[in-house]
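Take a look at this single chain, the form predicted on its own, given in structure tokens.
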Amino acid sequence: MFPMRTNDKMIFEKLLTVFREVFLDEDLQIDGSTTAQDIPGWDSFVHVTLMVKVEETFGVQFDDDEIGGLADVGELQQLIAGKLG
């Protein structure tokens, strides 16, 4: 795995904070390969809540196709990076 660039690290750290807030778990750990199956309680309702919180945190908006096409946290991080330019 390649080392994260500064912007990637900032995005990941903010994502980790969002995940911990949404899942109410200060000890939650995620990485680029984390999926909904890896986190107990990550259902469709929580997914919507998570995406709204990510949009608010990063000041971006996702369309349905973008959200539906995400396979893991790494893809979410890349999507955010692309939106931020």
Partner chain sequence: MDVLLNPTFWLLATACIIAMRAPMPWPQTTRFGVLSLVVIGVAFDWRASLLMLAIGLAVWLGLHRIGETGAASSGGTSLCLLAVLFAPSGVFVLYKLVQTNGDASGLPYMLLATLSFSYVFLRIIEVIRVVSASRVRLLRPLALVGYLFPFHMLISGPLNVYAHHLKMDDEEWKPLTLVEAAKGVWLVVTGLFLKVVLAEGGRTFIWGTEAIAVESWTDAAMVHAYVLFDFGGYSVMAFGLGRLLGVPTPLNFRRPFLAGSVSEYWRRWHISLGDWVRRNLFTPLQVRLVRRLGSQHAVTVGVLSLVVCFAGVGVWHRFNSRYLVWGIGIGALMALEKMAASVWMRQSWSRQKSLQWAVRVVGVAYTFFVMTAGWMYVWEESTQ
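Worth saying up front: this structure is predicted, and the values here are computed from it rather than measured. Residue numbers count along the first chain shown, from 1.
There is also a form predicted together with the partner chain; it is not shown, and the following applies to it.
- Mapping the unseen interface onto this chain, D31 falls outside it, with no heavy atom inside 4.5 Å of the partner chain in the predicted complex.
- When the partner chain is considered in the predicted complex, T49 lines it closely, a heavy atom lying within 4.5 Å.
- Residue contact with the partner chain in the predicted complex: L24 places a heavy atom within 4.5 Å of it.
- Taking the partner from the other structure, the partner chain in the predicted complex has a heavy atom within 4.5 Å of a heavy atom of P40.
- Using a 4.5 Å heavy atom cutoff, E56, Q61 and I67 all lie near the partner chain in the predicted complex.
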